[in-house]
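The chain that follows stands alone, in the form predicted on its own, written as structure tokens.
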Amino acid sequence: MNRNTAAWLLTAPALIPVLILFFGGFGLGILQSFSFFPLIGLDTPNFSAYTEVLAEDELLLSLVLTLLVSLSATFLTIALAVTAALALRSAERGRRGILFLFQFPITVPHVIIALGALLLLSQSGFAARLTAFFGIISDSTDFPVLVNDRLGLGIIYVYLWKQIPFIGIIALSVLQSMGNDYEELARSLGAKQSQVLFHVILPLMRPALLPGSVLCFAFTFGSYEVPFLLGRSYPSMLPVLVYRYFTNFNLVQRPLAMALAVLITLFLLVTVILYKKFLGGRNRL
């Protein structure tokens, strides 16, 4: 018995149930997306769920909001994570403690952070009451709308709080592994600090940052719990729209949920394929 066969046999008890549950659920979802749901009398597969969900008035607004939140959170994450990594690399005192605090948000679930943001940043939350108490604003209702807002600022804030440490640790490990030789060489040739950053540091970090950014975008685009807690009911982000269809008491809405979920999955799959085709090959040092 060779090593590959032994590895498959040893992992089979854990791998087989996962594959059955994942592909079984995925296959069932695809069947329901084609309006094949015998439980409620839908026993003829067709594309009616796709045509109906694509004709929804809210779909375009939800897509725009989802793209806005996902792209904003991803770009801000990369910018702030690189900045934090550069600052951590140059820190001299208390670096270990700062690094521990920096990594701490990774261990906290998104739902906990979303609930914390709701208690802290809502117009009836702690920050609003505190600023009203000190006379900074006349009433808590004058506090800026940072959750349940039309731009999804509260949603972006939660994703930044979680994703900046994740990307920052990746960026910091790249900075530590490449050392200072390239930067010193560029400075000795007369490069300014901005030129060193954009023409030396960032190109060397790109092979690690791009896969992380695609992962952040895909997660933000497909996650529903944070938008559900901190977003508006209309228009809602696409995953929340899926959840609304899925939990509707009228089971006729179930194929709509599955159709929209399949469309989201296809969009993210195409995004990853395009990344691999146009950017993946350039990520090698």
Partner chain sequence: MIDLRLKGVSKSYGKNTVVKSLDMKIASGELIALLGPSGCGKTTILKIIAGLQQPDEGTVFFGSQVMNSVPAEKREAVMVFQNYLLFPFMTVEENIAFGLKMRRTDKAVIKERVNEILALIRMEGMGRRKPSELSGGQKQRVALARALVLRPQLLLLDEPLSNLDAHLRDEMRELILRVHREFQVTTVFVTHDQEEAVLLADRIALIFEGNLHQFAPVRDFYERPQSERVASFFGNSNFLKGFCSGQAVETELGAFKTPLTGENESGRTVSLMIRPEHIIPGKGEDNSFLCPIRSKIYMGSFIRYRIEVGEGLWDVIDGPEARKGYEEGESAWFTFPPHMIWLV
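Everything quoted here is computed from the prediction, not taken from an experiment. Numbering follows the first chain given and starts at 1.
Here the subject shifts to the form predicted in complex with its partner chain, a form of this protein not shown in this document.
A heavy atom within 4.5 Å of its partner chain in the predicted complex is found for exactly one of L160, A191, L153, I137: A191.
Of the heavy atoms in D142, none are within 4.5 Å of its partner chain in the predicted complex.
At a distance threshold of 4.5 angstroms between non-hydrogen atoms, P203 is in contact with its partner chain in the predicted complex. Using a 4.5 Å cutoff between non-hydrogen atoms, L71 does not count as a contact of its partner chain in the predicted complex. Within 4.5 Å of any heavy atom of its partner chain in the predicted complex lies no heavy atom of F166. Interface residues of 180 to 201, taken as those with a heavy atom within 4.5 Å of its partner chain in the predicted complex (partner not displayed): D181, Y182, E184, L185, A186, R187, S188, L189, G190, A191, K192, Q195, H199, V200, in sequence order.
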